[in-house]
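For reference, the chain that follows is the form predicted alone, supplied as structure tokens.
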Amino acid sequence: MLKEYRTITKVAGPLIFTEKTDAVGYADLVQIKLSDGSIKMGQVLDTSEDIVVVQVFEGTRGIDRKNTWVKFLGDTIKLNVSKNMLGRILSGAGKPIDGGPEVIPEKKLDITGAAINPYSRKSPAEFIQTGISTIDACNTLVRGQKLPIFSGSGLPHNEIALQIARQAKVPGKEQAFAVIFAAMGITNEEAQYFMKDFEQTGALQRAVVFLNLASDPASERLITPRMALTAAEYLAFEHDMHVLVILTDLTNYCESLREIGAAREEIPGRRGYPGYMYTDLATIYERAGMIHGKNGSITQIPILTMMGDDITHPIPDLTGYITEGQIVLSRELHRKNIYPPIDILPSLSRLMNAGIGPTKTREDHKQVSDQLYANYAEGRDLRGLVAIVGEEALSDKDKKLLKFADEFEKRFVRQGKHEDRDIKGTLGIGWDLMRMMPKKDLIRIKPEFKDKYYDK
């Protein structure tokens, strides 16, 4: 029989501290009964001989030390999972908020998941087409990869996330594909925008949406990505679906980590964030991948906003260590009214070479990407030189490279929010741009590819 305790000694932020309990397990579920009879739920965050620390999901308002009962349920947080979750909009705690019924579970799964044995992991090798040229051609997303988007305050990362959610597919293969979209710490306005877009575009039919609002407790924000990844693992490894998980915004998640760390009076690490933030983020990111013997896969696109556009801030810095590249949004391109404002020069996909080539995209893909990078980088550098010496002082080749950089941004980077370019169309635009340069100057492309595509 479960015991109830009325031994709360302290309430701090989203935490309560209880003493004189029997043995309590880490991450156990907790039921908190208030003096007015209402019930709140929580989770054991820390346990020792003297004190048990509980984070309360619904916030600690109304909890008093004398008249509140605490019951440890001896179980961990579980999510009701079912294939019927597709098309549903849930709260950050996994409760329906779309007016529909409760999810009838086929299974109840622990949201912490199970670590994938490294030996069982399969190497990512299949191209995912997002329909966005700067990603598909230059920073290719591969099935099973974790590829974050580094954004800044006010940049259109949410619009890019929704566009990827609508358009992502593996071309030429009719396979079960699902999107898990988890938003953390968003405003009501953003939540309405997400729900409206998913419903109007029909993307909701193949998606499960988890929405944690800014007004929701910080402790709920910590379980939202784990809820989303638990649903993804179920669909991928139980129903052989290929799942794209979009997590936005990981910065809000880390702020909640810092808030709860401060309430626990922990010794802070860099910029006040907990010293274990690297490990905590890794428990999220490392749930992407594929497993030998299973047909499904989980691909992750975490999105985070960089404080002051600082890529050395602890959150993007640690994320870069754990993930396989990054897509970086540019404030300069955004000021030019270019959407999506993806800057290819600091962006990187470490698994790109595994997902492109003759049988996956096209034989010239890698060399087209290299040449576009080289020409755009040189053209960008020349803008600084022109500001000093003027365009008249440039050679003919430099003038062409300068023009190339402008046209690259206008024709290759810029596209509509509902424009879904296939990889052949994207590479075609790349060749159109490269025809601005003499054939002999395309030194990163093999002669046979120049003969095949340049003179078309």
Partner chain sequence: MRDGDIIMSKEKIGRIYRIAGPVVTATGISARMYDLVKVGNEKLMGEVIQIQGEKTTIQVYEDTSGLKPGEVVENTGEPLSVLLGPGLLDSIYDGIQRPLPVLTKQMGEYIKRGVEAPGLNLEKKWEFKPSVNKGESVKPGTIIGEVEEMPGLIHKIILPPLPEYTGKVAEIKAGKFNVEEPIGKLDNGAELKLSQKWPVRTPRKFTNKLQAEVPFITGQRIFDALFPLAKGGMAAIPGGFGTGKTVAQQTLAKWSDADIIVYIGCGERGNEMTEVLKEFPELKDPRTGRPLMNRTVLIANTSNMPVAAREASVYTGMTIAEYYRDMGYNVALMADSTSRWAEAMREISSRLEEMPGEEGYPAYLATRLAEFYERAGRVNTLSKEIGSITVIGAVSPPGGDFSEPVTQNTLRVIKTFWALDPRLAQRRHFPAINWLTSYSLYKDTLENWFVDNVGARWVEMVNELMAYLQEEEKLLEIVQLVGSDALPAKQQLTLEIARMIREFFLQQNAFHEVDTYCQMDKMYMLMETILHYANQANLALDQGAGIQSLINMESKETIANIKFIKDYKKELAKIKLDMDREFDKFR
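The model shown is predicted, which means the values in this text are computed figures rather than measured ones. Positions refer to the first chain, counted from 1.
What comes next is about the form predicted together with its partner chain, which does not appear here.
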Open item on the list: Just checking whether residue 38 would be counted as a contact of its partner chain in the model of the complex - the rule being heavy atoms within 4.5 angstroms.
Closed with: no
Task: its partner chain contact at residue 444 in the model of the complex, heavy atom, 4.5 Å - done: yes
Open item on the list: Taking any heavy atom pair closer than or equal to 4.5 Å as contact, tell me whether residue 326 reaches its partner chain in the model of the complex.
Closed with: yes
Task: 4.5 Å heavy atom contact, residue 181 and its partner chain in the model of the complex - done: no
Open item on the list: Under a 4.5 angstroms heavy atom criterion, identify the one residue in 295, 80, 283, 153 near its partner chain in the model of the complex.
Closed with: 283
Open item on the list: Counting any non-hydrogen atom inside 4.5 Å, which residue from 45, 423, 30, 63 sits next to its partner chain in the model of the complex?
Closed with: 45
TODO: Can you check 116-124, 251-259, 186-194, 217-225 and let me know which stretch has heavy atoms within 4.5 Å of its partner chain in the model of the complex?
DONE: 116-124
Open item on the list: On the criterion of a non-hydrogen atom at 4.5 angstroms or closer, are 177, 198 and 419 all touching its partner chain in the model of the complex?
Closed with: no
- [ ] Can you tell me which bits of 210-247 touch its partner chain in the model of the complex, meaning any heavy atom within 4.5 Å?
- [x] 233, 237
